[in-house]
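Below, in structure tokens: the form predicted alone, a single chain.
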């Protein structure tokens, strides 16, 4: 079965946050002023169990889902995450399982376990190679070298085409664009530059802080000859270019929204479903899961939810049509 929303967009990709906890305190996601020692994270019984995630994923698969991405928080903080991946891998029609991580917990053993469990792809967040900038942005005790070690462990474990995500913020790390491209030139890793987005409320987003797609390409063009590439698949969020070190991408939801072919649904660690990264409306699937043994009831709920989906926040923001400022779910909660 393939279900579609009000704009004929199919449900193809599901992002599952497996924990709301993280060992970083990035200013654009979990600023340490708010997510401090007094912050109340979810208790174990409040988050979805592996069994519940697997059950839901099987239902998603029956509705046309092909790809699952595990996010957080930091997903590697979830104990035995490789066991979950092993079971997800066995689900019929799920062709791609990926994970987004900050990389510092990618030990040799962990990277090998992830590969052996069937994880297809890895995306690693790395916003700068400058140690001082890294400390300021990540709000952590770690260094770029810790992330690079994790990436190297993943490569040695057999992961290919690892994506390196850099959130670019004007006057914070935009000067680190070229050093990051140079670092991964010829490695097979694909650097993706992400415009600073208005996700959530705690990051104090301002359009003045956005280093746009045009700015990013202008910076890179001063150093490299670049050529546009075709999308790998229709709902891919990153625009792609080649340079003489390989390939890079730009995710430009501020200057160039991609709502038109969005096929993504997001499931939070506590079992809330969001049909848009920028929405403030969620659907409580956990309570339905825990009170109903019928997969058919859960399936029909999801069909009704997706069929009524009409989200296009980023396009409305650019056009001004039907746009209004709303209090949105935080990045760390919704899972990116």
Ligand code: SAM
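Residue numbers count along the first chain shown, from 1. Predicted model only: the values in this text are computed from it and were never measured.
The same protein also exists as the form predicted in complex with the named molecule; that form is not shown, yet it is the one meant from here on.
- The stretch that touches the named molecule in the predicted complex, counting heavy atoms within 4.5 Å, is 72-80, out of 152-160, 240-248, 171-179, 72-80.
- The shortest heavy atom separation between residue 252 and the named molecule in the predicted complex exceeds 4.5 Å.
- Residue 165 belongs to the set of residues with a heavy atom inside 4.5 Å of the named molecule in the predicted complex.
- Using a 4.5 angstroms limit between non-hydrogen atoms, residue 189 is distant from the named molecule in the predicted complex.
- Contact check for residue 100: a non-hydrogen atom falls within 4.5 Å of the named molecule in the predicted complex.
- Checking 94, 197, 213, 129 against the named molecule in the predicted complex, a heavy atom within 4.5 Å turns up for just one residue: 197.
- Exactly one listed residue, out of 133, 203, 120, 117, brings a non-hydrogen atom to within 4.5 Å of the named molecule in the predicted complex: 203.
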